[in-house]
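What follows is one chain in structure tokens, specifically the form predicted alone.
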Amino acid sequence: MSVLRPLDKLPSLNTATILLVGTEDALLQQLADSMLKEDCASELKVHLAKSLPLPSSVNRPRIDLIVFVVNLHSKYSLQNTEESLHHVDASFFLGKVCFLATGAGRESHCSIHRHTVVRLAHSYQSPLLYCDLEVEGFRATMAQRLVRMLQICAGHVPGVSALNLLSLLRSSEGPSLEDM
């Protein structure tokens, strides 16, 4: 069990692989199912993990995008994400990692303040997306967005790289932490 590196495996032709990391198995599975329903020119592979590191396996494909799903209703979810981040190589944070916060719609039930997750994403220079994965319409929209991001990170969109995507997502964010 070692650090997950973006280029430790050779890419497969017309295959894009996403790794969803989070403690909410049912929500991750529903998101994965929604992603697999999306129309995609590439063969889409979705892997789920409760945490990192992943077990050493010669059959594991190259991971093109890692999404850390943080449930704002669970402090364990945030702690699990923070611990898992130690097992990701720094080069993954050049556009191939994003954070997805779920449960923000019911702020009165939140155990984690949104600002905590914003700081986490900012410290890793990675985009932060919000979505209530329990709502089918929101989940379908997020699945569509993640599939598009995955195609870019896998190199299947001509003229756009993961770094281009990262800079576009960062420029579309609100005010910086220093402004807050």
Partner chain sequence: MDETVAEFIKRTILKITMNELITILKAWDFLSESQLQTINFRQRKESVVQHLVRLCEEKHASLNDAALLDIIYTQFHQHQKVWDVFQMSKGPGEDVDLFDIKQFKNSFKKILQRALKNSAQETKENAVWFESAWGNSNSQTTSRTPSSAPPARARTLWGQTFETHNSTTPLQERNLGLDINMDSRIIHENIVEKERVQQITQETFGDYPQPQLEFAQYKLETKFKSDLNRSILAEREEPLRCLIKFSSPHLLEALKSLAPAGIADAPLSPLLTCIPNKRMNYFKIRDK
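Quick caveat, the model's predicted, so the values are computed rather than measured. Positions refer to the first chain, counted from 1.
Beyond the structure shown, there is the form predicted in complex with its partner chain, which is absent from this document and is the topic of what follows.
Looking in the predicted bound form, any heavy atom of Asp33 within 4.5 Å of its partner chain?
So Asp33 counts as contacting its partner chain.
is_contact(Pro55, its partner chain) in the predicted bound form, heavy atom dist at most 4.5 Å
Residue-level check for Pro55: yes, a contact with its partner chain.
Check whether Val135 has any heavy atom within 4.5 Å of a heavy atom of its partner chain in the predicted bound form, and answer yes or no.
Looking in the predicted bound form, residue contacts with its partner chain do not include Val135, since no heavy atom lies within 4.5 Å.
With heavy atoms only and a cut-off of 4.5 Å, decide whether Leu48 touches its partner chain in the predicted bound form.
Yes, Leu48 lies within 4.5 Å of its partner chain in the predicted bound form.
Just to confirm, with a 4.5 Å cut-off on non-hydrogen atoms, which of Leu128, Leu44, Ala154, Met142 contacts its partner chain in the predicted bound form?
If I apply the 4.5 Å criterion carefully, the residue I get is Leu44.
Sequence order please: the residues of 66-92 with a heavy atom within 4.5 Å of its partner chain in the predicted bound form.
Contacts from 66-92: just Tyr76.
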